[in-house]
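Quick setup: the structure tokens below cover two forms of a single protein chain, split into structure 1 and structure 2.
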Structure 1
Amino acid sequence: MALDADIKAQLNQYLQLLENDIVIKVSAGTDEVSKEMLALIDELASMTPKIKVEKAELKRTPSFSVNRVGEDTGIVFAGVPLGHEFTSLVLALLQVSGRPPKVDQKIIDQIKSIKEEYHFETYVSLTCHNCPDVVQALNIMSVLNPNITHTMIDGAVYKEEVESKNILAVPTVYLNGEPFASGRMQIEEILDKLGQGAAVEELSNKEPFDVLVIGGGPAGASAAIYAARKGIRTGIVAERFGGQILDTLTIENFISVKETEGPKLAKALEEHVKEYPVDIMNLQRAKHLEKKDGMIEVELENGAVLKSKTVIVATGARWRNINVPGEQEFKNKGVAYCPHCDGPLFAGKDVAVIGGGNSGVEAAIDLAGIVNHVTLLEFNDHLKADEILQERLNKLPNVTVITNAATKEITGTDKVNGLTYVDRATGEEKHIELAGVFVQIGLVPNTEWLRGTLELNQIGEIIVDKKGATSIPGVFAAGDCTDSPYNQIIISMGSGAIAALSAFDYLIRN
């Protein structure tokens, strides 16, 4: 197997950074994948004298482990880690050789203190862009703690194993032989799931904040930066730092950045926040907010209570799911939720929009200008969108409206290829061939925990004024969780800045 010349040149540079010798133990057979794996390892070994190769009998064949001299680390690759996993291989080689992983010292200490034996196995596909984060996080844990091992398993090579475990999405992680998690996860999330997260007392003992931001998406990050730049004590509590953009692939409308990817923007947000003395409490979910003796108290899911003089709620929203087979598997692989954002990716193709309310009809009109053909599916026997929107829709030559359509399944192989629905009038099952499906059955604001506390509108959005003020003095809100008419990154960031400046103004006046 010959590596592409560019990759080879890059690899050569990285391998010069190896600090100490490493031993690759290989379990190979005579099959094609084994041959490909052996060729890759030979190529690695030919580039540096620091890599030694030994034959071994590992649990799976083909597979290989990456070890220190005289000490197994427990990092195994079952398959050939090319594609998106190539970086995971390079990082594993560097880290096993002694180069420190790029994670906070606090996290390194947490990993090193784990006493339990944890054997992780992660099923991946080499085209999955969410998988490397998980593989790399678990490899770091294996490098740092001898009680932890991790095997990356290429599902395409170990098909029977994947089928017998009924794994339909990657990454899927097993721990000590039992299902542990699936989907993108950061190292902090894994530690939290293992019960190694921040302690309740540590959180409760924190000094009161001047501004406490709840939510770590674009709105929360922007609010935290604006607050911290005023030199006031700022904290940020987030269930998942990054928010919705972590689930977004291509972003082309974040003005001044022609094109980026959601996870890249989320990383940039975090790095920007970390430039300031902001206390980031990631993986913490707020469950109650109350004003007591002039202070606002925020209770977290784990029981800890944080106090602050002002609070900015920026808990965002989530797309309402249709919950049919295929939706989760093909998210970002043809199943989309944001026509403004993802529409251009389907230029010239056939797509469907599910939902005949205002957002569905607006999406269909918007998409009709870009794609080849739009099929709009509505569950009821008529569209619910405003008349004026329906009139515009009906004038479009490349839109078909199907009412009484109950979506049954979104179909595909590695990406969406169609949709099956049941005609509710006749009971007949029908299938349409498509490249994309836009689910437009509404957004749900993450405000259930504020019902009865803050004034919300009919659909649960926090009602705010021009300054981002809510019904409780000192509590501000920003972004998708508010009654703002549009939900976009740039708008959320702007409203986060407004809320922070208003909170500062409130502090100096009170």
Structure 2
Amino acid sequence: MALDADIKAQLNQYLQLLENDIVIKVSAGTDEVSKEMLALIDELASMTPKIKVEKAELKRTPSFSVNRVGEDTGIVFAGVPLGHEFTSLVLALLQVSGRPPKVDQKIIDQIKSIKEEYHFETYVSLTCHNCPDVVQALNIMSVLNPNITHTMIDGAVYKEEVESKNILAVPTVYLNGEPFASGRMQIEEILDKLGQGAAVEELSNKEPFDVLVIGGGPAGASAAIYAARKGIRTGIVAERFGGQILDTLTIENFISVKETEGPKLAKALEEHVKEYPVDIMNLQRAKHLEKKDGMIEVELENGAVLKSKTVIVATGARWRNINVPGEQEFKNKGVAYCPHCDGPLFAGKDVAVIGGGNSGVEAAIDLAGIVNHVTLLEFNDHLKADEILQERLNKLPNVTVITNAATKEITGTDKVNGLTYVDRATGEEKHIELAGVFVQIGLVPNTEWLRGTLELNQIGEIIVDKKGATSIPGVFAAGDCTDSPYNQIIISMGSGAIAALSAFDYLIRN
């Protein structure tokens, strides 16, 4: 397997940055994946004298580990880490060689203080854009702490293992042989789950802010940057930095950038915010907001209370659930929301997509190239997607479109085995046998915690004026959680800027 010239040139540059010698220990067989893996490792070793290769007996074949000389570092790749995991491999090589990982010192100290033995295993697909975050976070933890090990497992290579564990969503993480977590996680989230998160007192003892932004998506990041540039004390509370764009693969309408990926844009947003003295409080969820003695108090889920002179709510939106029996029970067991991430786990199987808008039709087109057959179900009597997408969909031989279909139930025992829907034209109930169901029916605003506090419209969006002001003086809102007529990244960023400038204006006048 020869790497293409561009990747080779990139790799050559990265390998110049290796600080010390590293040893790659290889466990290979005679199968095709082993041959591909050996070719990749030989190519790496041929580029620098700092990489030595040894044969070894590892837990899985094919796999290889990346180690310091004379020491097992605990980082293993079971499969060939190309696709989205290629960066994970490059970073593992650099970090094991001695290049410090780009994480805050506070997080490094938290990782180094862990005394327990933690052996993590992450099941991934190479097309999953969420998986590298988890793989890279756990690899960093393994580099920094000898009590921690991590193995990345390509689900397409270890199909029997994936099926025996009923893994139907990636990334799925096991800790010491037991299920630990599923879905995208940053290093702080993993530490939080291990009981190493930020203390309530530490948050509650913070000085009041001039502007407190709630939400870390495009609107929140934009608001924080615009506020910080005014030289006022700015904080940002985010459940996960990046928000909804973390679940978006291709972005082609972000003006001046022809094409990018959601996670890449999220990282760029966070790095831009960190250029300013913004107090970032990640992995925190707001629970209640009220105005008290001229200050706005925001209570977090963990009980901490933050105070600020003004607040900008930018909590965004999330995938809408269909709310039928079986959806919650089989989440990550056949019910999925990300075709790019979880599609490869359904290779050769039959799946359904619920939703005939752009996201539903795009999902069906993507999945048709991976799975055996796709059934697209739309509640109305016609698809709502753009004409160009419908034309592409109609050319696919393994897609069936059913309109006027009301999903009644997702069925299964330990995992999804089918879907029952009602034909709205005839009232007849029908059942399709399936291995997976992808839900793509739009977004719902993250504003439940504000009911009875701010004025919301009938679908839960925050009502704002042209300055982003809400029904409470000093509280502004921006992005997909508001009654803006369109949900687009560029619109969210613009509204975040408007809210920040309005908050600054409010502070000057009051």
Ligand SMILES: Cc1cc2nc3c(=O)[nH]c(=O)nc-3n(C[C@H](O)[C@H](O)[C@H](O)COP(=O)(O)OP(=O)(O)OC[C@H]3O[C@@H](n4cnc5c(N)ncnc54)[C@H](O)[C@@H]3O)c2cc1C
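Reference numbering: structure 1, starting with residue 1. Computed from a predicted structure; not experimentally measured. Definition used throughout: the rigid core is the maximal C-alpha set that superposes within 1.5 Å between two forms.
Of the two forms shown, structure 1 is the one predicted in complex with this ligand. Once the cores line up, the CA of Ile459 ends up less than 2 angstroms apart between structure 1 and structure 2.
A movement of the C-alpha atom of Phe476 falling short of 2 angstroms is seen between structure 1 and structure 2 when the two forms are aligned on their rigid core. Relative to the superposed rigid core, Val66 undergoes a CA displacement of at least 2 Å between structure 1 and structure 2. On the core-superposed pair, the CA position of Ile75 changes by 2.8 Å between structure 1 and structure 2.
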